[in-house]
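Next comes just one chain, in structure tokens: the form predicted on its own.
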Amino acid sequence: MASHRQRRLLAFSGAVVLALTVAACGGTSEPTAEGKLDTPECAAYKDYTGIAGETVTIYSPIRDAEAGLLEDAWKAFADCTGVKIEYEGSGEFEAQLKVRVEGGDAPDLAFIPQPGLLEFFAKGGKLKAAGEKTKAMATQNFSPDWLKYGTVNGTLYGAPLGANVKSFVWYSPSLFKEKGWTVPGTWDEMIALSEKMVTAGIKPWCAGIGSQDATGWPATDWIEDVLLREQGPDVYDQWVTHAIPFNDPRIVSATDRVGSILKNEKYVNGGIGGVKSIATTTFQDGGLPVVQKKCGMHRQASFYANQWPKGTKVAEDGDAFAFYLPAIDPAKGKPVLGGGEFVGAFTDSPATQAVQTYLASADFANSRAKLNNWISANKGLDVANVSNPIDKVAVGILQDSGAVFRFDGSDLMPAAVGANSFWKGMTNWINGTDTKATLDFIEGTWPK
């Protein structure tokens, strides 16, 4: 008779044999990560093989609740492929990314919102060129206008990710309905509407450019939007790169056109004060008179939807909505000013390249959009997956084949100008400095 110990050994041996037999016969044991790729729920990720068990680190300026939504958006990809994605968001991203890269502690991937910063790392030999699969995915899903901001000297380094649209004018649908006003489709119609508002006793525009150390930036957006509409993308590109001076006559013309609204006491600052009140009003408060029906229109980006008082219905039939800032010269296309992030790689392992490729896919764009408050210029993004009404409009603009997209100019300029003298110059301009003196001042600060 077998001893107690022998019986235990026999039972264990039998269990091992049974387990091996089940495995060999394709039993019902938990599949490996690679095996999951053959299941119906993982069909979308069948091309991302060979990365199970690998870890990819991502560093980004996106934090808090939005960071959690990003992780939720790529969870299915990670579960199916078996790759582990370690994400870190930081409020000091721009400064700390440089420190980490120089200190040999670079992340595998970084979500970089400034094309100038991406160029800095690419030219410094720190970023890896996008692999062929990433390049193909990005080319399939993004327009040349977007791809060029992730490209340095003809090589793609950063695939586009999220986006925002700045070319919006907010208004009160109920006020428009009450007064019989219609949303303007051209610049001239918008100015004619402004005059109607004056006649009705309502100042047509309200604005605020206060933003602590960054006071002035909303006025720079006005200049960029109008320059793009008045002079077209080629002149805009020349201005941003300083191929033409900051005080070029064409920049003077665009600035004066903005001044015909923002420095016009008849037009501003509805519900707040006169022209100079624009400089002392925060950008968060600048549009609030719209829902108070003390101001007709407020030019600000899609993200301003988060600034309306709690309970404000943002919809075409609600308390606040926005229309596209009209073109000035239709022959120059449909200009769109905006911003976004680019996924740059500091390592080129197969897992890093796979994650970079996936983030440029339509699958990721739709997965993230379904979670709300996020848009992308990805052509594969289904507008039906975007629930926020203003985001739906933004996606429609970004996907418009006639749209001419340009990145926020100040984000492309040297920091001494784009994040300093341009802001300060426009603040002084609002406070009374004339256009020539303002643009001469900014031109004088451009790095030699």
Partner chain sequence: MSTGTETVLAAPDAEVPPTVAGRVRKKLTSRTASAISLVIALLWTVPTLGVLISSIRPENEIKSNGWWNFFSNPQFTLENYEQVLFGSRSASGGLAGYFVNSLVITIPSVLFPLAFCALAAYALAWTRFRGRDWIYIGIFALQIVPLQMALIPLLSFFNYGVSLGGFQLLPAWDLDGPAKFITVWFAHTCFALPLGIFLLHNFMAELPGDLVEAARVDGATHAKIFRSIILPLIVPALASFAIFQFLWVWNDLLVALIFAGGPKNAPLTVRLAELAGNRGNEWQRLTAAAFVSIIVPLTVFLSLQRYFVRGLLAGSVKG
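In this text, all values refer to a predicted model and were calculated from it rather than measured experimentally. Numbering follows the first chain given and starts at 1. Here the rigid core means the biggest group of C-alpha atoms that line up within 1.5 Å when the two forms are laid on top of each other.
There is also a form predicted in complex with its partner chain; it is not shown, and the following applies to it.
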Each of E66, Y87 and Q96 having a non-hydrogen atom within 4.5 Å of its partner chain in the predicted complex: is that the case here? yes
F283 near its partner chain in the predicted complex, any heavy atom under 4.5 Å? yes
Tell me, yes or no, whether P309 is in contact with its partner chain in the predicted complex, where a contact means a heavy atom of each within 4.5 Å. yes
Is there a heavy atom of E71 lying 4.5 Å or less from a heavy atom of its partner chain in the predicted complex? yes
With the partner left out of view, is I62 within 4.5 angstroms of its partner chain in the predicted complex by any non-hydrogen atom? yes
Have a look at W181, W187, F346, F303 for me and say which one sits with a heavy atom within 4.5 Å of its partner chain in the predicted complex. F303
Of the residues G125, G201, G154, G103, which one places a heavy atom within 4.5 Å of its partner chain in the predicted complex? G103
Specify the contacting stretch among 357 to 365, 127 to 135, 71 to 79, 253 to 261, defined as having any heavy atom within 4.5 Å of its partner chain in the predicted complex. 71 to 79
Can we say the CA of G91 moves by at least 2 Å between this form and the one not shown when the core is superposed? yes
Look at N420 and decide if its Cα position differs by 2 Å or more between this form and the one not shown after superposing on the rigid core. no
After superposing the rigid core, is the C-alpha displacement of S60 2 Å or more between this form and the one not shown? yes
